[in-house]
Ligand code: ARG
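First comes one chain, alone, set out as structure tokens in the form predicted alone.
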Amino acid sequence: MKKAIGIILVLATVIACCFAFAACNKETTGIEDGVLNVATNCYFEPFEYLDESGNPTGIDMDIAAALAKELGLTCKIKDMAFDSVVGSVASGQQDIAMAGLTVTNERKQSVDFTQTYFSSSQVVIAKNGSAILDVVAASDSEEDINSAIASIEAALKGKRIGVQNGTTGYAYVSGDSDDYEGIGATAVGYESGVLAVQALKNGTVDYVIIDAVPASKLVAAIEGIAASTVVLTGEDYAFAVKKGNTELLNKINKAMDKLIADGTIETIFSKYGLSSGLGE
């Protein structure tokens, strides 16, 4: 009888330890049941968008799959409004945000960022024939580039600018951020860059400001618009995890290092006609 009671007590202790380990693992990594829960917004081609079958695809989604495989996890994508992506990770609802996400001081207040993996910028989209498209930098010198940016910002002042909600473009126009002062224009927010461009086409807004690579996809797909060659900002993309979750952050960074070293990341970018610039 005593032996049986002893076995029961040992089993109870083992079970309790298992539950404690599981709880600790969930708390420190955010990973539960072997699933990497990814928050994204599938309206940012080529980084994330829906394929013809309605499935999430794109650069970030391919990287998500590669990261999950490297970590021995399965990958579950949650498509949501872009301005909810960071909050879903900050609150612990999702494990990682992968959405062409620019590293900003404001976002650093609520999430921690992985190493960066792509450099981007904001550009103006305008209707064909718009004078703003004629503004170019006279050279690659910092003075000439800044002069061109100043000319564009002067042209944008007082205008209605279509932007995607929660994006760097929105912050750049409105100044509603710790990172940008605003340009004296009205930011008109939309759920996607496509909707912002449609508003430009029908005259609801005067211009659109969005990241350069998605801008190139939009102008290639939609007639009557073009993107300025002058870049307004310099910024870097990274993935985000819950603030203080250093265990998951370190695991993601370690996996990224391996995927960069073995050429996986560059292969993914080249699949979409881009170069990551990593490892150069």
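Values in this document were obtained by computation on a predicted structure and should not be read as measured data. Residue indices: 1-based, along the sequence shown.
Another form, the form predicted in complex with ligand ARG, is not on view; read the next lines as being about it.
Enquirer: Using a 4.5 Å heavy atom cut-off, which residue among D62, E235, E70, E247 comes into contact with ligand ARG in the model of the complex?
Expert: So the residue touching ligand ARG in the model of the complex, by this definition, is E235.
Enquirer: Looking at F82, Y207, Y172, F118, which has any heavy atom no more than 4.5 Å from ligand ARG in the model of the complex?
Expert: Looking at F82, Y207, Y172, F118 one by one, just F82 meets the 4.5 Å heavy-atom criterion.
Enquirer: Is the gap between G100 and ligand ARG in the model of the complex 4.5 Å or less for some heavy atom pair?
Expert: Residue-level check for G100: yes, a contact with ligand ARG.
Enquirer: Quick one: does T168 come within 4.5 Å of ligand ARG in the model of the complex, counting heavy atoms only?
Expert: Judged by the heavy-atom cut-off of 4.5 Å, T168 is in contact with ligand ARG in the model of the complex.
Enquirer: Would Q94 count as a contact of ligand ARG in the model of the complex, using a 4.5 angstroms cut-off between non-hydrogen atoms?
Expert: Q94 lies outside the contact set for ligand ARG.
Enquirer: Although ligand ARG is absent from this view, report whether Q164 comes within 4.5 Å of it in the model of the complex, heavy atoms only.
Expert: Answer yes; at least one heavy atom of Q164 falls within 4.5 Å of ligand ARG in the model of the complex.
Enquirer: Since the chain is shown here on its own, which stretch among 51-59, 218-226, 37-45, 247-255 would lie within 4.5 Å of ligand ARG in the model of the complex, judged by heavy atoms?
Expert: Selected stretch: 37-45.
Enquirer: Counting only non-hydrogen atoms and a 4.5 Å cut-off, give the residues of 202-227 close to ligand ARG in the model of the complex.
Expert: Just D211.
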